[in-house]
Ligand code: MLT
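Below sits a lone chain in structure tokens, taken as the form predicted on its own.
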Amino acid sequence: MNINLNYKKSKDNYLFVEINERVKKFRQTHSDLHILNLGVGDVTLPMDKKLVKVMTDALNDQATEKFKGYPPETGYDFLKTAICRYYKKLGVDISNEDVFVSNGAGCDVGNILNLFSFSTAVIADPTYPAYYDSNILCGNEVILLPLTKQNGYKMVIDGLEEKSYLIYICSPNNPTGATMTHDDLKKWVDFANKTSSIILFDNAYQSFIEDHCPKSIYLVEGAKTCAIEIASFSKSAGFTNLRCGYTIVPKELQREGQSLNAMWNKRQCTFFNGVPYHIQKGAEFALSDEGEKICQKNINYYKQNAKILKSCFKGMQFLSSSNSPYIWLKIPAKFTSWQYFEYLLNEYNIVCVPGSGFGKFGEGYVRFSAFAKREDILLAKQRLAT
């Protein structure tokens, strides 16, 4: 028996756990204060009643002759068909066999590493902490590509040696909010195909894209032979508690004579028992014409929150894309990002996320989230104006 000593190489506390601990400690001596959480990217709007009814009806089926046992490990065909139909509207042709329903993008971002052994991962800095941590825990080497004002806070290939990698791309990016254009992604797709690399495309925020930037990596020619796309219903349909997402592994994607589609199918059928029937029925409704309109209403609400937040930072440098629910704020030079976190918490009772928690090049910034109640956004604006 040998334990995985790579756990010793990772940080003791996950970023958001550390934030929660600090806020909890603050509350112990300030229980009378109304703390505004503009940090963690969890949705706050209640789910639409029609969506809940679809799931409730499906759950009630379990008390009738319509009872369902174990769900298919890779998802029910009705949801796979709905996902394929959604992608068809985007201009992408995929088949049911390419789609694997999961319990969320966050899980698959780490689980996908089961397909690879002792690889080198290329990850943005700053970035969603799970990319880095999951690779460290697997014993992989990590190459960090800095996201700076000079490169538009986007990943660029310049200086990267031509060999095979696992390449993590999140667009719109978390935390910076920067969105990759078609030309940006085409450079990475061409690089991946040339070097036999694999792009792991985190598409958790696709529903926020409103301009010409691609809502799927598969809108880029050549992506099906080098990219795996991971997406979620968490932000678009408010499934952060219900847990449902999907991963697309095209049958065209092969490496070393192996079909990654077949490998991922084997992995899911071995380690995963599937997503509950009533949750998948809810996800199917969210992708219907009526469901999309309902979900878009919530997305618009959060986008308006972001616009209000922007007005709080007049005279300060920040990146806030119309495609993202996040604001990436440059803080005064006299603060570290954790010091600014403490400053906002103590002086204004507002919670943000320190940029250094996302990586070395996140130092000097903090992230604000528009996933909050409107009254909290407006109250934050009022407090920051004083």
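Bear in mind that the values here come from a model prediction, so they are computed numbers and not experimental data. Residue numbers here begin at 1 and follow the sequence given.
Unshown form predicted together with D-malate (MLT); subsequent notes refer to it.
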As a check of understanding, the residue in Leu319, Ile35, Ala58, Val40 with any heavy atom within 4.5 Å of D-malate (MLT) in the predicted complex should be identified as Val40
Partner-free chain; cross-checking D-malate (MLT) in the predicted complex, the single residue of Phe208, Tyr128, Tyr218, Trp264 with a heavy atom within 4.5 Å is Tyr128
In contact with D-malate (MLT) in the predicted complex (heavy atoms, 4.5 Å), from 24 to 32, 40 to 48, 337 to 345, 58 to 66, is stretch 40 to 48
* Taking 4.5 angstroms as the cut-off for heavy atoms, does Asn174 touch D-malate (MLT) in the predicted complex? -> yes
Given that the partner is absent here, does Tyr326 sit within 4.5 Å of D-malate (MLT) in the predicted complex, heavy atoms only? yes
Original post:
Within a 4.5 Å heavy atom cut-off, is Lys80 in contact with D-malate (MLT) in the predicted complex?
Top reply: no
* in the predicted complex, Lys281 touching D-malate (MLT) (heavy atom, 4.5 Å) -> no
Near D-malate (MLT) in the predicted complex, with a heavy atom at 4.5 Å or closer, the residues from 271 to 302 are none
